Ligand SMILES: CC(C)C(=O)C(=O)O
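Take a look at this single chain, the form predicted on its own, given in structure tokens.
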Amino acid sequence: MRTARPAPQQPSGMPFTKYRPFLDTVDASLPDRTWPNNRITHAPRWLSTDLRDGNQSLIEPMGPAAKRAIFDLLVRMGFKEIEVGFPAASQTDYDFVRSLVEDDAIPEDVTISVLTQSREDLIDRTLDACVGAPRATVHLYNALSPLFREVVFRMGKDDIRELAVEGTRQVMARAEKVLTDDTIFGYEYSPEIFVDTEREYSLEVCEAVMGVWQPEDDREIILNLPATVERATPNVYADQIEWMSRNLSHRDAVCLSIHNHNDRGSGIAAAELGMLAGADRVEGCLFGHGERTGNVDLVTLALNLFSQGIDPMLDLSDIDEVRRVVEHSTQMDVPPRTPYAGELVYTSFSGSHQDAIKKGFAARAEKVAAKTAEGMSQAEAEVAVPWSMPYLPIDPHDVGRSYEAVVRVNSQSGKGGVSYLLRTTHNLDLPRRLQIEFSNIVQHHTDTFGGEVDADELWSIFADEYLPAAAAPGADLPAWGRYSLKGGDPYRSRRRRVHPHRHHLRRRRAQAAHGLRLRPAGRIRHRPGADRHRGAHPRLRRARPE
């Protein structure tokens, strides 16, 4: 035997030299950054853009009924800012916004947001859609990055800045004309493609926009700094946010908002670091819907806070209902591995994981019982004992899930998972030696037949191995066996050929484990195909007492 390092990676052959490192294209240096020393201590303001950014990314955009279902869900969850569409982009979006207003569907404490580009006709149409709303924010955007200036718009910096300034003036003028004092009106500006734009130029344009809006204590402005396309590691985005937060004037009257996309797969991390860097507000979608790879997932972001003992200020106590509404409305499935909400995220198949979870639940049950013995109610005790569970970052009950799917059995499972399922579904707590024996039987079954063994099938295997056939009536087990209870068995004996050299050992093991007095049942019969769950060596069959 000899030891050596693994073989080195080989060149991919892919044309990587056509791409430039992001930090070679944008200056984002911040050597005196402070955000790494900060902690998130409270939830941000949330804005859902499911009905705008999420909807525009669907193969088949939502109809009015589906949109209304999403809007009502967001309200129930506790969102106070909801982007409801781009009214000037289509008659459908305009009509939906008007239906919310005319149906009196917008609660007094909920602000709807509507998006527009910096064109007078679009701005007028957008403001007209908001007439009569209790609270409304107009969100104006234009792209600032060098690529868009040079390729898309073919305009200079001054012209791009003037587009944002003039658009702000037009929004204010139209709002003064069509909105009454019954509407609480707000304004949001986004320097689109912020991460690819020179930060000094982004600051210049934002300051010019604020010069028109004139923010003060009771006249907030929302400045949204989007990672329209995620282009760098999350720490770089955090540096950009902290630099802007430091250098903006009127900072007390500015709500610094972030809008992260997930092109590099790190939208959640970028949003969290952006919050550390000074962001006050996060825009995103439920389950990460949105253009291309999607917006930041607000469900994951909120429950990340929850798992750290921070109130997310959103009600996610019935995560499956949230998922059902979103899936039905968008016609897009939530993948089974989606954090917190996926079908399999609280499930362990691995034997070592299952054993740790089983022991963790037992330890927690003891602590909760101790609290109830002190006079606490069960609910109070559950909250008073801090959650600390192997492989489960949060309690599935807190998001409306049960413990039934926490442990599932397949060929990778061990005695911990098998015994956990029997205990939770049939109140059967197996001795350790019996756990080992039965898990081997289940292992042989899964190796032979493949797939997953659910709780019902597990009980069927257990009954077929150790109990009278009638113990699992739904499994239609045939009666057979070598032994029966002394004095007769109401289920009749279950007969099967048992290796003669094992009779005595098996009998003594059964007596020791279950306190049964066993005797031979008579002539031995062999049922063909009886080794369904086992190998060549049969197991002792133990009959249930009368």
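Note that the coordinates shown come from a computational prediction; the quantities given were computed from them, not determined experimentally. The first residue of the sequence shown is number 1, and the count goes up from there.
The form predicted in complex with the ligand exists for this protein as well; it is not shown, and the discussion that follows is about that form.
Peer 1: Since the chain is shown here on its own, which stretch among 267-275, 188-196, 203-211, 380-388 would lie within 4.5 Å of the ligand in the model of the complex, judged by heavy atoms?
Peer 2: Within 4.5 Å of the partner lies stretch 188-196.
Peer 1: With the ligand left out of view, which of 240, 330, 228, 113 would have a heavy atom within 4.5 Å of it in the model of the complex?
Peer 2: Looking at the other structure, the residue within range turns out to be 228.
Peer 1: Is there any non-hydrogen atom of residue 438 lying within 4.5 Å of the ligand in the model of the complex?
Peer 2: No.
Peer 1: With a 4.5 Å heavy atom cut-off, would you call residue 419 a contact of the ligand in the model of the complex?
Peer 2: Although the ligand is absent here, residue 419 would stay clear of it in the model of the complex, with no heavy atoms inside 4.5 Å.
Peer 1: Decide whether residue 289 counts as a contact residue for the ligand in the model of the complex under a heavy atom distance cut-off of 4.5 Å.
Peer 2: No, residue 289 stays farther than 4.5 Å from the ligand in the model of the complex.
Peer 1: At 4.5 Å between heavy atoms, is residue 141 in contact with the ligand in the model of the complex?
Peer 2: Residue 141 belongs to the contact set for the ligand.
Peer 1: Can you name the residues of 32-69 that have a heavy atom within 4.5 Å of the ligand in the model of the complex?
Peer 2: Counting only heavy atoms within 4.5 Å of the ligand in the model of the complex, the contacting residues of 32-69 are 52, 53.
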